[in-house]
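We begin with a single chain expressed as structure tokens, specifically the form predicted on its own.
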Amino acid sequence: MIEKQKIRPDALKKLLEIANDPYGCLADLRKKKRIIGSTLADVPEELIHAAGLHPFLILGTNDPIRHSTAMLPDNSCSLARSNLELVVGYQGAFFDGFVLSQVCDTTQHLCDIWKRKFPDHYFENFLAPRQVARPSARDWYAQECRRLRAALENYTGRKISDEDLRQSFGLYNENRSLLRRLYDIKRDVPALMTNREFFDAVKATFFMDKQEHSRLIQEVLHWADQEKHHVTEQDGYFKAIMVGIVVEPPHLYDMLDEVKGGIVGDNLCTASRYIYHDVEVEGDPAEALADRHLRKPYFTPINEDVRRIYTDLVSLYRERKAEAIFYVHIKYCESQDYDLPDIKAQMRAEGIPFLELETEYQTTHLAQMKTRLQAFCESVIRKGLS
């Protein structure tokens, strides 16, 4: 007999389906709106939505690299290479335009290549400030938002009113609020849903119509609120912090689920860095977007103080009463390469169990990584819990 808590609502199944095959829903979306693809991180998608367009986050592909090798060197990070691979492989057919963020040297080169490769598509660079402690950072971001707003108005041939933006802000704020509520339940009742299920449900928001995603999340929340009181077998879970930019391939979540590691906090661009910190609805829209950008937690190429690469992690670890930190390191990511030695040194000094998981989007042989993860949990975590 299937245990009651193992039954999943159709809404959750739909979210997981879209998260794992996002391009399957684009044909239907294109019948309603033009699709504007964007890349990590910090493109203000509310601006794209307020322009009557559909923002769609391009998160690469786990399929083998065939096309982008000729355009980017092999030692470029796999996130950049797989993003380009995906769009080149489809010849940009899914997208009407692109807004690409420049956050490192690789993404700067990627933007230049992308623009030349798709001259018939709408294209904008978005230049978010990297050193956000500078007095000019807030004004810079606000001016970039105003520039993008004007460019989108020119592309669509219609004005984006402040009321349009406030409606988009409200819609996105509501969506983030729902995801935060679901995360709270996931922390308190780790056996209710797996790490993979929760983070895939979050991931789906980057692809879907926001109203539809919020509707499905509300159904999942209703299910979770009812089922959390009936979940048994909560013993054996330990609290983990997941750190990095993205978790790819997503099978890493499955590995952590197998050893009963419940993620209680993270700083991922595709999770907490996105769902926390709303946009203020009142006031100047560009200033409100800039304020949100400056409130976001540390991100490897964007920071206000280099010490935050480890002080934020230590604070999160202590706050969530975690037992380990798992750091997903995208191979050849220059920003993470610079940060990692300081992070490791600080974790040793603090006595925090820490495991680096170096991976690529095209990683297919996960057995060795799984063995390292299992050995770490058995020798470090279980010993600490005994």
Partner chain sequence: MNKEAGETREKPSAKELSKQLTAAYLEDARTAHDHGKYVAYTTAVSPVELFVAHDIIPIYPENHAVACLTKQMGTELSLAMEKRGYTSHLCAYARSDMGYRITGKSAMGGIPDPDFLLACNAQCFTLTKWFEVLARQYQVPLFVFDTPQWIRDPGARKEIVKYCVRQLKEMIASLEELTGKKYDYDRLAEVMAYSRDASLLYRRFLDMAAYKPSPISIFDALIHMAITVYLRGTPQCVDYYQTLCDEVQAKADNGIGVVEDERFRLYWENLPVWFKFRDHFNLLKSYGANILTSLYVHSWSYEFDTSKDPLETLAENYVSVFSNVTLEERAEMALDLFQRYALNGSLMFVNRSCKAVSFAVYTLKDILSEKTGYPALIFESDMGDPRFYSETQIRTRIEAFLETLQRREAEAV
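Numbering follows the first chain given and starts at 1. Because the structure is a prediction, the values reported are computed rather than measured.
Beyond the structure shown, there is the form predicted together with the partner chain, which is absent from this document and is the topic of what follows.
Contact with the partner chain in the model of the complex holds for none of Glu174, Ser315 and Tyr317, as no heavy atom of theirs lies within 4.5 Å. Only one of 334 to 342, 318 to 326, 46 to 54, 23 to 31 places residue heavy atoms within 4.5 angstroms of the partner chain in the model of the complex, namely 334 to 342.
Checked against the partner chain in the model of the complex, the candidates Glu282, Glu258, Asp188, Asp112 yield a single residue with a heavy atom inside 4.5 Å, and that residue is Asp112.
Listed residues Asp139, Glu197, Glu212, Asp254 were compared with the partner chain in the model of the complex; Asp139 is the one with a heavy atom within 4.5 Å.
Taking the partner from elsewhere, Gly236 is found to have every heavy atom lying beyond 4.5 Å of the partner chain in the model of the complex. The partner chain in the model of the complex comes within 4.5 Å of no heavy atom belonging to Thr156.
The closest heavy atom approach of Pro119 to the partner chain in the model of the complex falls outside 4.5 Å. Within 4.5 Å of some heavy atom of the partner chain in the model of the complex lies at least one heavy atom of Asn75. Residues Gln102, Val103, Cys104, Asp105, Thr106, Gln108, His109, Leu110, Asp112, Ile113, Arg116 are the ones in 100 to 120 with at least one heavy atom within 4.5 Å of the partner chain in the model of the complex, listed in sequence order.
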